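Structure 1 and structure 2 below are the same protein chain in two forms, each given by itself as structure tokens.
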Structure 1
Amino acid sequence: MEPMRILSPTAILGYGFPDASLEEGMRRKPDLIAVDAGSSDPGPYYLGAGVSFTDRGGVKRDLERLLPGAIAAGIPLCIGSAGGSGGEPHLAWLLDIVREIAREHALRFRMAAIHAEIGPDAVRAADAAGRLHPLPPAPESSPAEIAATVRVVGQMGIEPFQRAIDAGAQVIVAGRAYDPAVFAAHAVRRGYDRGLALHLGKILECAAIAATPGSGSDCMLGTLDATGFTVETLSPARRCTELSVAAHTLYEKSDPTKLPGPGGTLDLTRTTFRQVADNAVRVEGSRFVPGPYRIKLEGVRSVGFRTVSIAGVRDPVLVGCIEETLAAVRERTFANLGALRQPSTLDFLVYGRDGVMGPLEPDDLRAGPLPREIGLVVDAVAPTQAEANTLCATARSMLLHYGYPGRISTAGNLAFPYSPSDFKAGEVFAFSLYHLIDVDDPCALFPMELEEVVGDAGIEEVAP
């Protein structure tokens, strides 16, 4: 079996990459260019709002180099989790950029668009049939939570990508996808071991983050064969080491030896890592264990609107009693706004104490020496933007002049770095579904459309 080379240009489409690294990667004659375009890491807002967390200019910049390169080389370009979250508006957004580039560069190719947004009827039917399973710490699904959900996507596996390649698509733009699937699908289709292909995809999904020094804005090349694979950097500024590649294998995993995904589990108990060149590591022993075919669902619901205010506190007396002061301000704010509709929340993030970790901060660190200053974020969420504005403004002004024990100055308690001090953050979303759904057909939830993209001559639709 001839080695198969897979080029990963960047950790997320839009993060960029050095042109020199891409040129070096293309010089190696890859069989596939694959790139992940999204993540749930930025939180539920982008899925609910239907917008991308990546910048359009950055995404277009990347695609203006990748698209012509793949077309000229005659190899597939596979993109997963389009538009950041992979819903219908996100997929349409990225398809529009691809078409725009095709017109501007007079490119011709067959393109597959794979949808990943799942309608509420399908979710309700699965729930009623007992085919939804929560991923801890998510609670059991309920009809009320499903009814409140405004958008649901499923993480497709390798099969929808394989179907697109079988249909002759050279450019594949997919909605939400299991990250390694974008890289592994073509290889498994060509007969390479599924476990090795998925493990290679797990590493390549973040490109040069698996190198040292790590970077999400640089390219990586993976070479897959019958017994293992090799990953290597394409920039002289970086190198893959046994430690960097093994460490990235543990990335985003609750179990260091098992990585569940659509159709089974990637078992790493026998995986080995071996340095084979200064910038390259050989990986062997990874295997795929088939299991029930389940797709991960991500769904979000609206929880209101947000207004925030940012301030600094430097008075050592207030720093020493900040917890008690914030509790009193929260109580008085809600007392003063008794007519405020519920549910409304007023939270304070205290940076310099536990603003990052919150209640997960170890007690011995929270009980340590007082910081010289703290940063404070007032976070108000209410059913409407106007109510959130009122809640934030009331809490901010009350805290500004609150008379805490030991206070000497009668001036303001807070230092505001910005004017205006309050920022309207708009609608707020929370995850309402973080579940697995049992499926019989890996492609059933992910309909595909084909198009013949003909430069500036327009688009001819092809039947699925």
Structure 2
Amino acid sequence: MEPMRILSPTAILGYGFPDASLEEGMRRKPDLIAVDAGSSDPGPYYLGAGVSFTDRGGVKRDLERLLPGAIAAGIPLCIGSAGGSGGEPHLAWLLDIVREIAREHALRFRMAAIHAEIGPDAVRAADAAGRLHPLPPAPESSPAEIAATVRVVGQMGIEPFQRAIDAGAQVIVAGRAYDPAVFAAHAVRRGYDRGLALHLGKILECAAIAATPGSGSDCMLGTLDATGFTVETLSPARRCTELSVAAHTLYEKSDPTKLPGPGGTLDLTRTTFRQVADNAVRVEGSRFVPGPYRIKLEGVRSVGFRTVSIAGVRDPVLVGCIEETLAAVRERTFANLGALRQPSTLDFLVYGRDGVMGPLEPDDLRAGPLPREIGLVVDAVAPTQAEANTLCATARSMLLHYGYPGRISTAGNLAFPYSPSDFKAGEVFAFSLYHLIDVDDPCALFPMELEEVVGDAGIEEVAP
């Protein structure tokens, strides 16, 4: 079996890579360029609002190198979790960038767009049929919460990608995907072992984060054969070591040896890591254990609109009684505003006390010396932006002039770093669905469209 080379240019499309690393990677004649374009890590906002957490300029910069490079080399380019969250607006956003580059560089290729947004009817039907399972420790979702969910995506496995390859697509742009699938789909279709291909994908999806020194903006190359795979860096500034690659297996996972995904579990109990060159590590023994075919769903609901105000406190008297002062300001703010529409919440983040860890903070700062200064964020969330603005402004002005006991500094309690002092953060979302859904057909939830992209002459549709 001929080795298959897979080039991962960057941890997340838009995070960038040195041109020299990409050139070195292309000199190795890769069989595939694959890249992960998203994550749920930046939180629920981006899925709900339909925008990417990655920057358009950064994504275009990366794709302007990858797309012409792949077309010139005659190899496929495979992109997963388009637009960061992989819903409909995110996919459309990335497809638009791809078409724009195709026009600017006069490129021609067949492109597959694979959708990953799941409609509310499909979620309700699965729930009613007992095919929707919460993924502990995520809570169960009530039918009301499912109804309030504004957008749901499913993490596709390798099969929808393979269907696109079968249809002759050279460029595949997919919505939300199981991260390793983007890298493994072509290899499994060519007959490479599924466990090895998925484990390679698991490492490559973060590119040079698995190297030392680690970087989210540099390339990695994986070479897969019948008995294992090798990962190597493409920049002289980094190396893959047994430790860096093995340690990456821990990253963002609760159990490093059993990694569940669509259609089964990646079992790394017998995996070995061996240094084979100064910058390369050989991995063997990873196995795929087939199980029920389940797709992970991510859904969010709206919880209102947010306005924040940022300020510092340097006065030692106020620093010493900040907790009592904030409690009093909260009470008087709500008393002043009268009956607020619900849900309305007012929160104060106190940096220098427990702004970072909140309830997990083990240190009792009241027992130790006072901090010299503290940073405050006034965080107001209400059903509309106007109501959030009012709640934030009332609390902010109240706090600015609040007469706490022992006050010496009577001109104002807060140091605002900016004018304006208050910032509209827009709509606020929360995860409302984090479930597994049973499927019979791995492709059924992920419809595909094919498009002949003719960069110098517009676009012709072809039948799927």
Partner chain sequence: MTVRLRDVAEVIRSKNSGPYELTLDVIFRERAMYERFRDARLFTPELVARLYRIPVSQVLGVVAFDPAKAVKATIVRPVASGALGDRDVYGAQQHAPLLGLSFELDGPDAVPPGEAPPC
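Sequence positions of structure 1, starting at 1, serve as the residue numbers. What we label the rigid core is the largest C-alpha set whose atoms superpose within 1.5 Å from one form to the other. Keep in mind it's a predicted model, so treat the numbers as computed, not measured.
Comparing the two isolated chains, structure 1 is the one taken from the form predicted alone; structure 2 is not. Hinge assignment between the two structures, options 125, 147, 303, 28: the residue at the boundary between rigid parts is 303.
Rigid-body rotation of the smaller part against the larger part between the two structures amounts to 8 degrees, from C-alpha fits. Taking the core as reference, the Cα of residue 331 moves 2.9 angstrom between the two structures.
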